[in-house]
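As a starting point, one isolated chain is supplied in structure tokens, in the form predicted on its own.
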């Protein structure tokens, strides 16, 4: 059985911050019968065993937590990490860069500079293993996804639309436009911690050339993970 706590009806940084803060607080009071929790753009899902945890008991806990503070005033999660992710923009690594530049009325180098200058927050994970939804780009990036699907974009594609960036760790079908590609993979099934990115983490993309791209290991956390404030 599941319970969904909704903090809004759409993505907004303050709504997502409230979700992530509630997630962190709930973890400290999490009943043993809770099977899984899933923070999203705007909501928080709790899956639990109703035979071990009565719904009324869980509902009371959630109501007490919701009334305990203004969750929309929450700052960034204390557990967040900062990442600098190398990416090759344009060419075979970003085949849709020219199209995105046309949609935005900019030159390709201006698109690259604007994207690389943005500090992104991992708003949620979903759709495929380790796929990260990153927000939020300026309004000039508010163009729609395509109405047709590319049947397969590669793992590590840097995809953009609707003021967001999506970073898949496995090949996926998508209508999002690919402007770059990174060697980084946020999902490593052979690791004790298979999901390297977590909601609330911050990251930015660093434009690199093909030689630098080839030099990175897909799961090299030491090379990509930066201490808070670095």
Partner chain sequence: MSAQGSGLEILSIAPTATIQDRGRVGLLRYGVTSSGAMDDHALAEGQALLGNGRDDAALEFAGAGGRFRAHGTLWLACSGAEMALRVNGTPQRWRQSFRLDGGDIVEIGAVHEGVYGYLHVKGGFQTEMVLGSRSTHQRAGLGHRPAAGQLLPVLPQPADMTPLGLPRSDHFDRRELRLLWGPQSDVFPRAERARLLTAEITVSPRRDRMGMRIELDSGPIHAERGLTIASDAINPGDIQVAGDGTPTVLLADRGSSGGYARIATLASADMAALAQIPAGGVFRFRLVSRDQAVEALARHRRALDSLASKATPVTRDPRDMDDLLSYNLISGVTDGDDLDLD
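Numbering follows the first chain given and starts at 1. A quick note: this is a predicted structure, and the numbers were derived from the prediction, not measured.
Absent from the display: the form predicted in complex with its partner chain. The rest refers to it.
In the predicted bound form, its partner chain lies within 4.5 Å of some heavy atom of residue 42. Using a 4.5 angstroms limit between non-hydrogen atoms, residue 9 touches its partner chain in the predicted bound form. The closest non-hydrogen atom of residue 129 lies within 4.5 Å of its partner chain in the predicted bound form. Its partner chain is not shown here, but in the predicted bound form it comes within 4.5 Å of a heavy atom of residue 133. The contact residue chosen from 159, 112, 153, 124 relative to its partner chain in the predicted bound form is 124, the criterion being a non-hydrogen atom within 4.5 angstroms. Contact with its partner chain in the predicted bound form, defined as any heavy atom within 4.5 Å, is confined among 49-57, 200-208, 66-74, 177-185 to 49-57. Shown here without its partner chain, the chain has 187, 189, 190, 194, 195, 198 in 175-198 lying with a heavy atom within 4.5 Å of that partner in the predicted bound form.
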